[in-house]
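First, one chain by itself: the form predicted alone, in structure tokens.
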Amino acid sequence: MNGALQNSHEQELYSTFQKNVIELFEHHLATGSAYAPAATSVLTEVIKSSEEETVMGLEVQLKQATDAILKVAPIAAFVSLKASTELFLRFVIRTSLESSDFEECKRRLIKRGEYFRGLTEASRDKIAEVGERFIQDGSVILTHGNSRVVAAVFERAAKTKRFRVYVTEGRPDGSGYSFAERLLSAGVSVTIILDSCVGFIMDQVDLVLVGAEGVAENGGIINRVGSLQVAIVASSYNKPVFVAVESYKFSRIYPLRQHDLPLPSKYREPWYPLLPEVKISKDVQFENPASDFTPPSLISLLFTDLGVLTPAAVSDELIRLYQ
């Protein structure tokens, strides 16, 4: 009985801990933080407030916090959050090997956590600076998805250049509309097109610029579903495909096919037509995978906070990050 009571108490403490982690994570998001910096802030707070007395205990607690964050992660952030939290945990292991004094180890971890957060927050500005150089006056660009880092590239370029952007509608949630509004407010000329219109419009385009939810070890990208077909069409027209992405989204994964993507099954939920006037039998099945994988052979360059990289260079950067 005592054992059962103890297990019940431990379970209650664990549930309360996860609830507090999720609340803190959502608070950071509500203040405008991006997902990875928000997660880093939460993990750093966990270290500061932890009552654990060993590195192993602290590592377990950080893994529990990571699990809580991933439970509430939206599809667009799942892969990047998984990659960035794994990298943070790698910092924990590395730091624990540098010092035998636990309190000193905690101080170093907190300092590294704050430094890591600073890097993630600054990465978007660095990428915008790198990426805008590839946008020329009079360029016509196609984009797909609702990437904040891609928006930052366009906004920076719009300060000194005039260009036009085709934005895909982004079904089934229509995310292209909010992205187009953001570009319009920055003074960018925008045209929204149907997702199925990519092939028709491609011969008018100079380049394709997309973001990424994650970057695989081979330099391929995981991004909003439809990115693969955009890249295939661009390749058939000999148009360059550029990817603007933060290095904390580099992940040690190596998908060989679409169904190898490391996404929970909840992200393959059915969807229904956007247009309410469409009437269709309930017997018709729908499938809407949230993301797809674009192989490195279809990607020209990646604009990152580490500089301009070829897809082949990603594996080398991952080795450096995890050393």
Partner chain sequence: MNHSTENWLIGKETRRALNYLQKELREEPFSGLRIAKETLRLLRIVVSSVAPSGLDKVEDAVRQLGRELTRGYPRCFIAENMARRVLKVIHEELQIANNPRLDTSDLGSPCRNPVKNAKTVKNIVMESISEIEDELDAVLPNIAEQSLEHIHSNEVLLTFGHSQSVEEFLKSAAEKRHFEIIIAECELDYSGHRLAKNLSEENVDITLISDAAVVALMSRVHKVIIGAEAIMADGSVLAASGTFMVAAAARHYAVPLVICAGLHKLTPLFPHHPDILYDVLSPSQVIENCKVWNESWFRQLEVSCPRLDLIQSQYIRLLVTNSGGFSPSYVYRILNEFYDEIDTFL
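Note that the coordinates shown come from a computational prediction; the quantities given were computed from them, not determined experimentally. Numbering follows the first chain given and starts at 1.
There is also a form predicted in complex with the partner chain; it is not shown, and the following applies to it.
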key: the partner chain in the predicted bound form: contacted by all of 31, 122 and 178, heavy atom 4.5 Å   = no
task = Could you spot which one of 164, 82, 126, 182 gets a heavy atom to within 4.5 Å of the partner chain in the predicted bound form?
result = 126
task = State yes or no: in the predicted bound form, is some non-hydrogen atom of residue 160 no more than 4.5 angstroms from a non-hydrogen atom of the partner chain?
result = no
query = According to a 4.5 angstroms non-hydrogen atom cut-off, is residue 133 in contact with the partner chain in the predicted bound form?
reply = yes
inquiry  = Test of understanding: in the predicted bound form, would residue 238 fall inside 4.5 Å of the partner chain by heavy atoms?
reply    = yes
task = State yes or no: in the predicted bound form, is some non-hydrogen atom of residue 313 no more than 4.5 angstroms from a non-hydrogen atom of the partner chain?
result = yes
inquiry  = Using a 4.5 Å cut-off on any heavy atom, which residues of 284 to 320 would contact the partner chain in the predicted bound form?
reply    = 301, 306, 307, 308, 310, 312, 313, 316, 320
